[in-house]
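Let's start with one chain on its own, the form predicted on its own, as structure tokens.
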Amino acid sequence: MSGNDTARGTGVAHGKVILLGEHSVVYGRPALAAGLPRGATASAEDAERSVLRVEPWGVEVPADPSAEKSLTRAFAALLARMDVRRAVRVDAQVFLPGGSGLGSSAALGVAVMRAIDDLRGVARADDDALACSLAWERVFHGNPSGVDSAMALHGGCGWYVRGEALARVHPRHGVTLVVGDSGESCSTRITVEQVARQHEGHPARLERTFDAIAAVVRNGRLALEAGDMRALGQLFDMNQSLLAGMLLSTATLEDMIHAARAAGAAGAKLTGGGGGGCMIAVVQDPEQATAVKDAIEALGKRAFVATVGGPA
């Protein structure tokens, strides 16, 4: 709580990148994910009516489960799942681009939840916090795997299987990534539904693809724990090929991925739902990170360097 006359609660949450295992995680296979240092923050205080303001989006919404705006419905769903009975005003700041595969919606929801809990003096168990976050996420994504929520809550690196608790993964050392934003927004709900339609039409083929991705994920965990960034990069490339085979990549993402590889990245792939959003490249040293970031920016795209999975 702050020392001001008005009691306030605060909350923070991580963004995320899926290192390996997009989409197959929806169908019971494992995924490797990492929390980004940047994510979202929020502060909460008692109010006459419940309202959520989010910057830099410049939006302010009430809690209304029947509203057209997804953010308005998500706020209402979160308050209902948290059993919030007194009106609250929440001011939040998001440090990630929306619709980019970096978990901005989950980070926002978790930061809002934590701010309200801090204001109320609530200590929420991990499984209940995850359930609250998922109530928020379902409004945006329909059938979320839960990995975004888990990473927003915990950060670090994790092995995630839908319906199971997040298992911590301990890389030998921090993993340096270059994250590039294509500038093309795409809803995860849309790409999840696209894959679902493919699965309905060609279940055997899609199941084989999911099994192949699962094998890549298992080997990726070994590479992380061994600190073998060259092997991890090769697995990035394999995963990208499998995702592209499900029509989840775009021409812009492919250009960025090829530029990253040409600049010396050990490997590169899309991250998140695909159809736009972001790509990630794994690099082995700061000099390589600079070269890869410059190559992506030379295409007119934004990029930043992040170290994930290092010591807490």
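All residue numbers are counted from 1 along the displayed sequence. Just so we're clear, the structure is a prediction, and the values are computed from it rather than from any experiment.
Although not depicted, the form predicted in complex with a small molecule is the subject of the following passage.
Relative to the small molecule in the predicted complex, residues G158, G220 and L224 are all farther than 4.5 Å at every heavy atom. Proximity of G39 to the small molecule in the predicted complex: non-hydrogen atoms within 4.5 Å are absent; the residue sits far from the partner.
Proximity of I18 to the small molecule in the predicted complex: non-hydrogen atoms within 4.5 Å are present. None of the heavy atoms of A295 is located within 4.5 Å of the small molecule in the predicted complex. For R114, no non-hydrogen atom is located within 4.5 Å of the small molecule in the predicted complex, even though that partner is not displayed.
Contact with the small molecule in the predicted complex, judged as any non-hydrogen atom within 4.5 angstroms, is confined among 57-65, 42-50, 23-31, 260-268 to 23-31. Taking a 4.5 Å heavy atom cutoff to the small molecule in the predicted complex, the contact residue among L177, V90, V147, L78 is V147.
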